[in-house]
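Look below for two forms of one protein chain, each set out as structure tokens: first structure 1, then structure 2.
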Structure 1
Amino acid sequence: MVINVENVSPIKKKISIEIPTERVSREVEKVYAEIRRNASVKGFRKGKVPQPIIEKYYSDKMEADVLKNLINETYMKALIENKIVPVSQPSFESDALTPGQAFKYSVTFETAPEIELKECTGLQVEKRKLVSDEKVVDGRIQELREGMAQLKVVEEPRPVAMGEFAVIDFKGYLNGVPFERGEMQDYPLQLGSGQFIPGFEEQVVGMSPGETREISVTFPAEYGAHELAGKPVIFQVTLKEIKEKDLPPLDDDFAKQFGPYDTMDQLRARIADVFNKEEEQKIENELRDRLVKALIEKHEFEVPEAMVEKQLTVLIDNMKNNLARQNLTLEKIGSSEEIIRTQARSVAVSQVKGSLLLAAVADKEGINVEDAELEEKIRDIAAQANKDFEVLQSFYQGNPYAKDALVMQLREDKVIDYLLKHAQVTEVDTLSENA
């Protein structure tokens, strides 16, 4: 068997293989023997069909089977002998198979590029400084306060203002005739909330309790009920009472409602703490992203199309899952797979580059994931997802793909840690755009 490996480009390889005559004949005979056992030809019992007739009826099947067997065997062998790992579907090219002749074929596929690692210590990266922001805390507390607010009836008679709740009775007339579902009693409407059709809420403003007004509005053209869409109608509205939001005072009692906090200060501290942790996480992620980016920029190499495509598929699947959780699809947000494929292409390319580089660094520095580390990580995941460690452990044991993915992720994390340790990190207030 003659194997000839040819590098078409840094990421493309072509293997030509020639299989000698006697190997081909042996395979042909073997396949015919197999076919003869199961061939059914009219006029003959199973297994009793003579060779010439088999050859006439089944030469196509023989050829396909022989090709499959020979290629399976020799292709795998060629890959192992030359230590090549294809990352794309191989494409085969072969001459027709003729029994009694040597068989030649060639395979082309993409491989991961060989990466020449340059200096990967002392990378310069910027890190954003953590700024605790009092405003964020205030905003969060205001939200909590709004959430705890209760509606209170305004006793003294005065005109209702925007933002307040107007408790109203209303009845709608289309051409002087009341229309279906146009009537409501004691409806609490927050003015300015945009709940009702445009123009309605604005015209309620200024009414005093007990007052009745006629409001004329036009239904929007794309209104749900067709008989009303685009039609001008008149509503008879009676304001019954005004309610306004009663915000609870920000005191220690308020704080106690949100958990084990005795004073307002404790609540504030807690909110600031959560915020800081989120920020820290964000900064850490940004730092890691930038580090990988810096690494990518130092190296230039081609990326196999197949890997990019695969990464794109992963990205799109993730996106779809996220959307599905909100009951959306790509089409609903006015996009499609093709659009995203082109948009997210550069992201996918840099992700692939990043993971290739990180793997290369890991190989060079001998960074590996120990079983104990893997176990610890699984314990972490179990704790986060509130699942039994044993259940997860057995899931990963029985699922080599998931396990490999996890190990890969751990390894990349370790490599980034390593790079970070040897990198020059400068703290800045705001990140520069092109780093």
Structure 2
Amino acid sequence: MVINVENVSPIKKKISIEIPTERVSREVEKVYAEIRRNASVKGFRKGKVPQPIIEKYYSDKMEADVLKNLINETYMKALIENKIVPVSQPSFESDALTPGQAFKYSVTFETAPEIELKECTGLQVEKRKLVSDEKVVDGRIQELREGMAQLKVVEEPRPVAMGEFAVIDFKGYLNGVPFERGEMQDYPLQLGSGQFIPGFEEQVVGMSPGETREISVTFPAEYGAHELAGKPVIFQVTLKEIKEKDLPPLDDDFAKQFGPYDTMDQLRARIADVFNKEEEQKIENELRDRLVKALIEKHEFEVPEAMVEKQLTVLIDNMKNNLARQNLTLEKIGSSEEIIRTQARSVAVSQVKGSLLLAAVADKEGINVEDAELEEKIRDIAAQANKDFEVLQSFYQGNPYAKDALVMQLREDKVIDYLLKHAQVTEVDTLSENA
């Protein structure tokens, strides 16, 4: 067998294989023998059909089976002998199979690039300083306060203002005819919340209790109910009453409702501590992202399209899962897989480059993940998810893909720790755009 490996590009290879006549002939004889054992031809007993008849009726099946057998055997052998690992589906081209002649075929596929690592120590990266922000603490306390607010009816006669709750009755008309699901009574609408069709809430502002008003709006073109999408409609709206939030006072009694706090100072201190921990984690994530970015900027290389597409699929699946937890879909937010693939392509390319570079550094420096480290990580995951460690460990043992992904994550984390240890980190108040 003759094997020729051609580098079509830094990330694409073509293997041409020629199988000698003797090997082809043996495979043809073998396949015809298998066909004869099971062939059913009228006028002949099973297993006794003459060879010319077999060739007449089963030549197509013979060719298909011989091609499959020869390619399966020789393609894998060529990959192993040349230590090649494809990262994409192979594309085959071949001559017609002719008994008594050698058989030639070629296969093209993408491979991971061979990366020539530059000096990876001494990478220069910026790290944002942790700055406590009292405005953030004030904002989170205000959120807690808003959550504890009670709605109270406004007694004095006056127009409703933006931000207040308007309790309304409404009925919608399309071309003068009431439309389905267009009517409600005693609906509490917070003006300015954006709950209703654009333009509706603004027209309620200024109404007084007992007043009825016609409100004209147009449904968005992408509205879910197709019979209403893009259509102008009129709503008959009656303001029943106005409600406003009655916010609780920010005193020690308020603080006691949120945990073991005796004073507002204790609550503020706890909120500040939580914020600082969140910021520390965010700063650490930023630093690690910038380190990988700095590593990528030192290396110029192509990435296989198959790996980019695979990473895009991961990004889209993650986005779908996050939306599903909010009872949303890509369609509901006016997007689609095609749009996300276009928008997120540069992100996917960077992520693939980063993973390839981190793997190259790990190989060069001999950085690996020990069994004890993997077990410790699984214990951490189990604790955070409130799951049984043995059950989670069994899951990873029974799912090689999930286990490999976790090992790769741990290995990348160790490589980043190694690079950070040897990097030049500068603390700054604000990160520069290109740092």
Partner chain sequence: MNIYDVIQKPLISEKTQVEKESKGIVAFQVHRDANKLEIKTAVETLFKVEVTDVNTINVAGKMKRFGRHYGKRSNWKKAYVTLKEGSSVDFFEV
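Everything numeric here is computed off the predicted structure, so don't read it as measured data. Reference numbering: structure 1, starting with residue 1. Between two forms, the rigid core is defined as the largest C-alpha subset superposing within 1.5 Å.
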Item to check | Form predicted together with the partner chain - structure 1 or 2 | outcome: 1
Checklist entry - After superposition on the rigid core, does the Cα atom of R181 shift by at least 2 Å between the two structures? => result yes
Checklist entry - If you line up the core, does G43 shift 2 angstroms or more at its C-alpha between the two structures? => result yes
Checklist entry - Has the Cα of E297 moved 2 Å or more between the two structures, judged after a core fit? => result no
Checklist entry - Taking the rigid core as the frame, how far in Å does the Cα of L239 move between the two structures? => result 10.8
Next on the checklist: I need the CA movement of Q150 between the two structures once the rigid core is aligned, reported in Å.
Outcome noted: 4.4
